[in-house]
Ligand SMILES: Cc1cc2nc3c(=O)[nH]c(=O)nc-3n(C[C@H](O)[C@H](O)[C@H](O)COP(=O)(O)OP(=O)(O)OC[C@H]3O[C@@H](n4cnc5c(N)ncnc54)[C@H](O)[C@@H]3O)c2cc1C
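A single chain, nothing else alongside it, follows as structure tokens in the form predicted on its own.
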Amino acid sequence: MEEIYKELVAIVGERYVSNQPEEKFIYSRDPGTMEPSEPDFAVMPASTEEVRELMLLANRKKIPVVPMGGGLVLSGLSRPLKGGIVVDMKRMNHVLEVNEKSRYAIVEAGTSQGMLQAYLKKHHPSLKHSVPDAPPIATVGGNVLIHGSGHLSHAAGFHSEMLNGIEAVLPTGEIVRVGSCSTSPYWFSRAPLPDLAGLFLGWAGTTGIATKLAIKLFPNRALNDVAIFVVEDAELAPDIIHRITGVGLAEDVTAWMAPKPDWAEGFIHVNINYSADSKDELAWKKNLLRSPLKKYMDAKTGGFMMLPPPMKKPFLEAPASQLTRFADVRKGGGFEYVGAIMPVELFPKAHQAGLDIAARCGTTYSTGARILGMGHCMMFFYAYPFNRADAADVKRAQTALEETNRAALDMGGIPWKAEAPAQKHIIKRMDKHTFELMNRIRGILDPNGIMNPGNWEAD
């Protein structure tokens, strides 16, 4: 181990390597319910070349490697299940280029959401990127690689669909570029070439380490507004969502259901966020977005909430700070959720499953959905805050999460950024030839099995 430590120091410098207990403790866990698992080393590279040297060392010595962004995935994907080296990407945090005309940004993989948001606000205020509802330290690269979503996902889909290109280091040390950047100095698109980005999307860091990405940017319009449609019957939600998304003008469409504040209990709230360059355009969009819901307003089965400006403010934030406050409602620093990707028509079943599981497990229900890509599917989430200092509370949250993963699969959804145990449930239901193909691909890219072992593995 001492020899490995010296080699790591030679690559990234003594200041950026640690094998000390207090830092191994930090890198052994995330805020979710998964049990901690300590690394042997934590390192922070500063360049693609340093990542390459780390990979060559790990591959030669057959040491597990676990890439990590902000460490906020919540489902334990960056825990080193078999020890080894955690590669913390936070030093690779530069915005390398913004192309205003073609609307994309090239960033290093450790660039945080907050840094990119601040950079665009200062240097390119006419542009914005899709921001997830996560703390600002969450990384752009990490969120893209786990198929994340954000405040422009109704209009443009998963964040992985907003990826133009990627630079990655393979477990065997080769540096590869995927997308137009493999052939051109411009990172404008993944088309028209064979799309190899899928080799790194959704794999939980088991195929390589992304070092640079290009993501799409969008117009940052001067005026923003939100409308909230409220209905009591969850069975109506799929049609309401279908009608709203069919207008094609919203940037973000989300639903939320929670017992607090008191006035919210028992209702389905559908937030519709939209923006415009002028007051006339904003009013025009407002009227168009309201018109398809007239049927429900006439029947008095649903209606729009009265929202004075102070009430709108938290619903216009990106990221939404009230979600961060909810995450610590039980105190003690524990929070995890299941975000299952599923068709919109499963909304009533998904909602009822959340109520049933919360009642059985003695937890508070908090569910909702983000509508993706004009209503082609949704990420339905079940949030479970817990007090990490209370073992019984942790156990309740673990049980609720396990039940939720099974319920999502039973109704036809697929858990997003699934924990290692949930990955095994997915594999059991996956077409066997698909899983065989995944293993063949991993075997080619990672012949010594060093990349985040313990993930996407059958029993």
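In this text, residue numbers run from 1 along the sequence as written. Predicted, not measured: the structure shown is a model, and the values here were computed from it.
Another form, the form predicted in complex with this ligand, is not on view; read the next lines as being about it.
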Practice problem: Heavy atoms, 4.5 Å, this ligand in the predicted bound form: which of 96 to 104, 135 to 143, 170 to 178, 259 to 267 makes the cut? Say which one. | Solution: 135 to 143
Quiz item: Among the candidate residues Lys285, Arg370, His351, Lys128, which is the single one with a non-hydrogen atom no more than 4.5 Å from this ligand in the predicted bound form?
Solution: Arg370
Practice problem: Just give me the single entry in Ile215, Val253, Val73, Val338 that has a non-hydrogen atom within 4.5 angstroms of this ligand in the predicted bound form. | Solution: Val73
Exercise. Identify whether this ligand in the predicted bound form is within 4.5 Å of every residue in the set His242, Asn273 and Met378, based on non-hydrogen atoms.
Key: no
Quiz prompt | 4.5 Å heavy atom contact, Pro39 to this ligand in the predicted bound form | solution = no
Exercise. Answer for Tyr27 alone: is it within 4.5 Å of this ligand in the predicted bound form, judged on heavy atom distances?
Key: no
Quiz prompt | 4.5 Å heavy atom contact, Gly205 to this ligand in the predicted bound form | solution = yes
Self-check item: Contact of Ser149 with this ligand in the predicted bound form (heavy atom, 4.5 Å)
Solution: yes
Quiz item: Taking heavy atoms and a 4.5 Å limit, what residues of 430 to 459 are near this ligand in the predicted bound form?
Solution: Asn452
